[in-house]
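Provided below as structure tokens are two forms of one protein chain, presented individually as structure 1 and structure 2.
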Structure 1
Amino acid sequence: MSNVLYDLPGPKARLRNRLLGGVSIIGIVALLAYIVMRFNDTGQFDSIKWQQFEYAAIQQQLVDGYLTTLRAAGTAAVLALVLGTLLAAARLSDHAYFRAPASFLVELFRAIPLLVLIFFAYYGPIQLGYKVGPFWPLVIGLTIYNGAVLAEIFRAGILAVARGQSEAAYALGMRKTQVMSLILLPQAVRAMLPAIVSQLVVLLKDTALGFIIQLPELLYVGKQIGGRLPFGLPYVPSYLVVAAIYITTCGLLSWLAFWLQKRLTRGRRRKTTVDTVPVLETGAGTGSAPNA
């Protein structure tokens, strides 16, 4: 048996893959066990290092940092989606004076590291004599970088739709804006959804770069909490708590994307079934009777 991209593995190959998978799992578990043992030997699990998390003030600091992270990620996500949509529409335009600048901006912003964009947005106005806070420079950097990446995702998703769909719509007399909004986008969104959510998860994690410009987001708060000498400088416990919050949030976003994609697919199948049944019944009623 073969697939489109590769030959399906036979019995020996499947056995070998299972053995390699089992060895990999054992290796990962052993590595995690070694890390936990090292943490235990260096006193990272001592009660004094975890005692501060029982105080309401520390918990409130973590909540405030988490809300700042969500606010920055949410604002940047909305702006990046809007920017990505505009750049993708410009790159798909039939006019070169729209397509060429958009292509240049997408390639430029994708090539510049995100941290450099944040530094430009933060230190640029300061050099010009304008004092800015750390929130909007982080949002601007995230918006520009992720907007360029999302533009490529949108463009690739639209181009992945079968060309006959747009040709049939043009044959019916639709304009390009109608073809894009009514025919191509609804089909492309289903294919683009996993990639879009994956990029938004990356955006959420990249908000941690805000601690470099002293934005009081989650990682910055975790660093402050970990630097308290009365509790034995609990950097490792603080970063473990911060990592657990990030992992939980990203996991919930991934689950939401999976649920939404499954719901959209199920709704499409149900709609296709409902639209097909009347056609079959009409054909059966108007057609000629079968020969005896």
Structure 2
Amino acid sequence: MSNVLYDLPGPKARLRNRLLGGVSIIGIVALLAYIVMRFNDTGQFDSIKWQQFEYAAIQQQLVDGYLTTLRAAGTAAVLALVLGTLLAAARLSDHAYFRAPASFLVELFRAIPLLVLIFFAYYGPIQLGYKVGPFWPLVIGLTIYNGAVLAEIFRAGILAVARGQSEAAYALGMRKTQVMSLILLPQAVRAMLPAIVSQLVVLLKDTALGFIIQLPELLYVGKQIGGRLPFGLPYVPSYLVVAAIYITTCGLLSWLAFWLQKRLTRGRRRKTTVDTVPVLETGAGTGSAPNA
């Protein structure tokens, strides 16, 4: 297929491509083989390092860690969606005394690193003398950060709806709330859904920061399993297993975002009234589904 960068390949180009293909396959296989061999030489595939995983107790710990991760991510996701809605509504308001503080807050929360937000939520209350565990500071940090990003996504989604829609609605005499809830939101939600799901994938990955404040989530459990000297300090097997779990979960969610986008733009031969919301921020890792 001809595309932006190169035209249909002729015979010389085809030969060249095939040569390049062969060389690169050899290169990639060699790299992977080297990695596997080195791991084998240093004993990463020794049965003793993988022994812990056979046992129900360890499997249970992994499951518990995974569930804690999901719980933190789920709670933070719900709260972030609520916060995002509130901030977006304030930013879209006609009244400057809602708009200005909301804009300031959104910009502020997006500029602070997530780790610093978590530290604020963890060490702050303790400095003031309140009791706090590791779960809620992580959730609060995630909520604040992702709430600000979601607010931006919501705002962009609402603004992406074609102006004619809202103009027609106002012309019919609808008030602002009616316009928003009856006309704009339903159309905007369709456009925003992939971006929202992508941001939730980011949120799930960021729960891994919980290990710094000793929340027993998946990465923390992986560290514990890896830190057992009698089993040969199996950090590598442990982290590989944890990585597999994260990649599968996040991969499924990302694929869901991609599928949503495909589904929502399927069958739209005419120019739609809404384009899907472009990737606004590749935060600590947003999935960016390609622009339609």
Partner chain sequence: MRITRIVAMTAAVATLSLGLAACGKEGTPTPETPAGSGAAPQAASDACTSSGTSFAPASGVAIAGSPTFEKIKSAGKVVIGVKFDQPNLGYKDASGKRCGFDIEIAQLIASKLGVDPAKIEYKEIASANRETAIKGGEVDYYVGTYSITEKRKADVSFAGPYFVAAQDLLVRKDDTSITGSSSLQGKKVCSATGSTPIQRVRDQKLTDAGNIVEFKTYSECVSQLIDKKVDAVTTDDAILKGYAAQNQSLLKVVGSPFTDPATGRPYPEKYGIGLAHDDKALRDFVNAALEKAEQDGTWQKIYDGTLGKSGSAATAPALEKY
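By convention here, residues take numbers in order along the sequence of structure 1, the first being 1. Remember, it's a predicted structure, so these values are computed and weren't measured experimentally. Throughout, rigid core stands for the largest set of C-alpha atoms superposing within 1.5 Å between the two forms.
Assignment: the form predicted together with the partner chain: Pick structure 2 here.
Residue shift check between the two structures, rigid core fit, residue 53 Cα at least 2 Å: No, residue 53 moves less than 2 Å.
After fitting the rigid core, is the C-alpha of residue 223 off by 2 Å or more between the two structures? False for residue 223: its C-alpha shift is below 2 Å.
By how many angstrom is the Cα of residue 256 displaced between the two structures when the rigid core is overlaid? The shift comes out to 3.0 Å.
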